Ligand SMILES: Cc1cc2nc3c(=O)[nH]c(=O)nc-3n(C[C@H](O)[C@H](O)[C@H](O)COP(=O)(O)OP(=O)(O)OC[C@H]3O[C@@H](n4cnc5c(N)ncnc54)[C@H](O)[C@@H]3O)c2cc1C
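Shown below, as C-alpha cells, is a lone chain in the form predicted on its own; questions about how it binds or moves come after it.
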Amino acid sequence: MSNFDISNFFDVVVIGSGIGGLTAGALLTRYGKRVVVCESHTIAGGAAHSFRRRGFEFDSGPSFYCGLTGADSLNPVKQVLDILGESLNAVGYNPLGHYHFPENSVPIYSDNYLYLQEVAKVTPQGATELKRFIDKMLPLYEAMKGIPTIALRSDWQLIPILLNNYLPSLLKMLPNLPLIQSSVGNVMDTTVKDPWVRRLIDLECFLLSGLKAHGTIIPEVAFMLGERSKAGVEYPVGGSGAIVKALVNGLESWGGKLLLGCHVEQILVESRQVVGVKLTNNQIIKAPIVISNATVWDTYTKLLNAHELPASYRHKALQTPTVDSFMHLHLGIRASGLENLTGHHVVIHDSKQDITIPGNTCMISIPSVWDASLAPEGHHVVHAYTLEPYAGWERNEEYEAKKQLKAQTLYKALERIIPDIRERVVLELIGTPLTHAHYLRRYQGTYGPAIEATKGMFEGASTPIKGLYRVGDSTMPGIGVPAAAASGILCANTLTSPDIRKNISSINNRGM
C-alpha cells in the first residue's frame, strides 16, 4: 500500500477479492472504470484462495470445475477471462468422482450415457427413471446455453439486449419458463420413484447448492448436467489459486488496483448515497460506487450503520437463512503405493441419517493426482470437508481437543479411499467454522444463503443505497466459483453502457 496513493478518487471501490469481487472489478476496469479492490487478507481469492504450507499447495475451498478452457465453454469464469485476455491451463479427467454410500461405491461420469450405465449396475429401474429425470432437465440447458452469462445484466436494459441478439434462444426458453423457479424435487417426484436414485439426486443437489432436491432450483441442476456432459470436468494447473491469479492479472493489466491487507472498516454514506469507504487506519477512499463482496450479513451489520438502510429491508435481509460452515482437513501425505488414486470422492457414512447432518456427508479432493506440482515429490495433498454449524465453537482450552474430535469423521471417510491414511500423514491442518470466520471474514463462517426454491429470491446486486452494490454468493443461487463469477458479471454489466460492452466484444472477436 505504501507505493500507492489511495487518497485519489476512484470510479469504483470493491470490498473483498473473492471471485465475485475480482470478476466485477476486473470487468469494470476492462470497461474503462478506475477501480480499486480492497482485500483484508494477505492472499486474494476469498473462499477460493489457495495457500502453501511446507511445500504443499492447498485449495481452501472449491476444487471441482467444468469448462475452464473450451472455446465454447459456458462457464462464466472462462467468459470473463476471454474478455480480459487471460487463460488457464487445465487437466481433464473422467469419471468426475466416486460417490461412496454405505452399501456401494459408484463412479460418476460427466457423460450422461456413462453415468446412467453405472447407475444401472445398482438399479436398472432407477437408471430408467434417472434418464427420464435428466431428459426433463436438458431442454432448459439447451435453451439457456444460447444466452451467455457475459451478456447479462440485472436492469431493464437486459430486455433489448435479449430481443435484439438472442431472440431464437428466448423462444426456446418459453416452453421451459415453468421450470425456472421450480424445485428439482418437483421434477424428481414426477419421474423418479427408486429410493436409491432419489438419494443420489438429493446428493447431487446438495453438492451443488447446499440444499437437497426440493430446495434447489431447476436451472442450477439443468446447467450442471448439461455443462459437465458437454464440456467435461477439468482441474486448473496450479489449483484454485490459478483462477484467482488470472483474474488478478486481468484486473491489473487493464489498470485496476488490488490492495492486500487493506481492511475496509465502513462504507461511507451521505444522504442515502455512497461517497466512499473508510479503512481501519482511518484513510478514506472516495468513490461514487462501492461493490461489497462481503456477505449480506457482514455488509449490513459491520460495514453500514443500521439507520442507513430502511428498517424493514435490513431486517428481512438479515433474516436470510444460512448454509452451515464446514470442518476442513488439509493433509500432506506420502503417496507411495497410491498410483491408481483418483481425485474426487464423496462419502456418506449412514444411509439412515439425512445427508445434510453435519459429519455424515464428507467431500474429498486429492488434486495432486492431476497436478503433481501441488505437493513435494512422492506426496499428495488431500482436502476433506463436511458441514459443521458455527454455534458452540469458542477459542478456549477445549478448542484443540474439539478440533481433533470433529476431524475424526473426515479421517473415517478418508479411510474408505486410503485405508492407512493416518500412517501416511506428514502435515495436518484442521479448519473450523472459527477459521472460516477469521480468515475469510464471513458471518459465522457460512458458505452463503440457504434460500430454498419457491421460498424466496436472491436479491441480486442492487441495494436501497444509491451507488452501493453487492456481489458473491449472497446474491446468486448456487455454491461455488461459477455462481460467484456470474454475480460479478451481472453487477459489472449493469454499471456499464451496453455500447461499451458491445465495442469491447467486437475488439476481442477481431483477435486482440
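Everything quoted here is computed from the prediction, not taken from an experiment. Residues carry their position along the shown sequence, with the first being 1.
Keep in mind that the form predicted in complex with the named molecule is not shown, yet the notes after this line are about it.
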property	result
Contact assignment for the named molecule in the predicted complex, among 218, 248, 262, 362, heavy atom within 4.5 Å	262
Heavy atom within 4.5 Å of the named molecule in the predicted complex - residue from 62, 70, 477, 460	62
Every residue of 29, 273 and 495 near the named molecule in the predicted complex, heavy atom within 4.5 Å	no
Among 141 to 149, 185 to 193, 323 to 331, 406 to 414, the region lying within 4.5 Å of the named molecule in the predicted complex by heavy atom distance	323 to 331
Partner proximity in the predicted complex: residue 25 to the named molecule, non-hydrogen atom cutoff 4.5 Å	no
The named molecule contact in the predicted complex: residue 40, any heavy atom under 4.5 Å	yes
Proximity of residue 51 to the named molecule in the predicted complex, heavy atoms at 4.5 Å	no
Residue 56: touches the named molecule in the predicted complex, heavy atom cutoff 4.5 angstroms	no
Residues within 4.5 Å of the named molecule in the predicted complex, restricted to 284 to 307 and counted by heavy atom	293, 294, 303
